[in-house]
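Only one chain is shown below, in structure tokens, and it's the form predicted alone.
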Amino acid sequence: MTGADDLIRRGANDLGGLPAEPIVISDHELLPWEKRCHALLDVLAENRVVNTEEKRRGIDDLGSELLGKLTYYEKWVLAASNVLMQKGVLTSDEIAQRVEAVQDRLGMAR
């Protein structure tokens, strides 16, 4: 199997065994939105709306280019949003409306 074949078979998030920079492990205080994101995904999992495998697949589906640009919780948000839209739980318009409502509430420019 060639290197290209291996990459085709791997998910975008499957980097095991590939050359990479050393991993820097550090704890940091979660931002409020990260805490809410984590809690929301826990609630979705507890209520069997989005499970771990769907979230993992959703992150892989983002693709390697996008994965390299996003933070941990940004990946979670996009993956969960995509899974919820695929399941018909939310539409992209509903998500956009909710984002705008939060931006208005926080006084954020669009």
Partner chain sequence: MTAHDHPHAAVGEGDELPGYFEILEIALRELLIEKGLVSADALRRQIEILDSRSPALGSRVVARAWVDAAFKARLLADGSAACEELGVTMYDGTKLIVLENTPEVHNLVVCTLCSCYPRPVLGLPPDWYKSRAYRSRAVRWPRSVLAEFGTNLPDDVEVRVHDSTAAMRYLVLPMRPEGTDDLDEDALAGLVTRDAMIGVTRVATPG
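Numbering follows the first chain given and starts at 1. We call the rigid core the largest set of C-alpha positions that still match within 1.5 Å between the two forms. Model, not experiment: these values are computed from the prediction.
What comes next is about the form predicted together with the partner chain, which does not appear here.
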Does residue 65 reach the partner chain in the predicted complex, with heavy atoms at most 4.5 Å apart?
-> no
Does residue 74 reach the partner chain in the predicted complex if we count a contact as any heavy atom within 4.5 Å?
-> yes
Just to confirm, residue 98 within 4.5 Å of the partner chain in the predicted complex by heavy atoms?
-> yes
For the stretch 24-46, which residues lie within 4.5 Å of the partner chain in the predicted complex by non-hydrogen atom distance?
-> 24, 25, 26, 27, 28, 30, 32, 33, 35, 36, 37, 38, 39, 40, 42, 43, 44, 46
Yes/no, residue 53 Cα shift of 2 Å or more between the shown form and the other one with rigid core fixed = no
